[in-house]
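Only one chain comes next, encoded as structure tokens, the form predicted alone.
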């Protein structure tokens, strides 16, 4: 894909995966550069090039109060994305993507989708989870919205919070490595930290009156992982790759259930368990 803008592309690198963002709109360029500053690199070899076009008349889905709609479909060898004020496509084979967006709307939802697919192609997973580095070890806290990921992140500010919403896991030989991303959930004020660590354990969150770490069977552990993989389980081939990766991650790193209440005492249970 030819870059049609006079400004150089903004190169974003997450977990060793680079996307070149071709953005001509000055306001959007400034916003993207500020938000993702810790993850911007120079002169890398991008796995994909994303052209972003700002359109003042862009609206693709009628607004529905109280709901936020994102539609993803596949046709003609492309992944097609559409929301209220942004729409685009991804061609993974060609490493090309395009996004049309209204002024004042950020590109993060589309970036999440793009990186979910690029991670899978690179043998990793973008996971709906909180990630924390504590004493140089990586901890991942799994769960759906409302399970407590942001609470765990807020209670761990003496450590390095990678995200309260999404992280990347990559298998490296007999180990698994945890990578931070600049994406946030409800903990918007948390610094966007570009760090990584060896993964020590994964913990499926269960809100409870007392702190307790409990074991999970193999099928339970893999099911918890699968449930936290967003965007990409839309065909048989990708579903099989995701299943294989979840199984291989579980073989390398323990997956346990963390029953916890909202205080930092859960860390004691993790270390003692």
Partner chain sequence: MKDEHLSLHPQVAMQTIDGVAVMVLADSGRVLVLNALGTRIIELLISNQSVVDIADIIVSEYQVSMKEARHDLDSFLRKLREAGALT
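Numbering follows the first chain given and starts at 1. What you see is a predicted model; the values in this text were computed from it and never measured.
Here the subject shifts to the form predicted in complex with its partner chain, a form of this protein not shown in this document.
The stretch in contact with its partner chain in the model of the complex, judged by heavy atoms within 4.5 Å, is 219-227, chosen from 203-211, 219-227, 46-54, 33-41. The putative spot formed by 233, 236 and 240 is fully lined by its partner chain in the model of the complex; each residue has a non-hydrogen atom within 4.5 angstroms of it. Remark: residue 29 does not count among the residues lining its partner chain in the model of the complex, judged by a heavy atom distance of 4.5 Å or less.
Its partner chain in the model of the complex is approached by residue 244, whose closest heavy atom lies within 4.5 angstroms of it.
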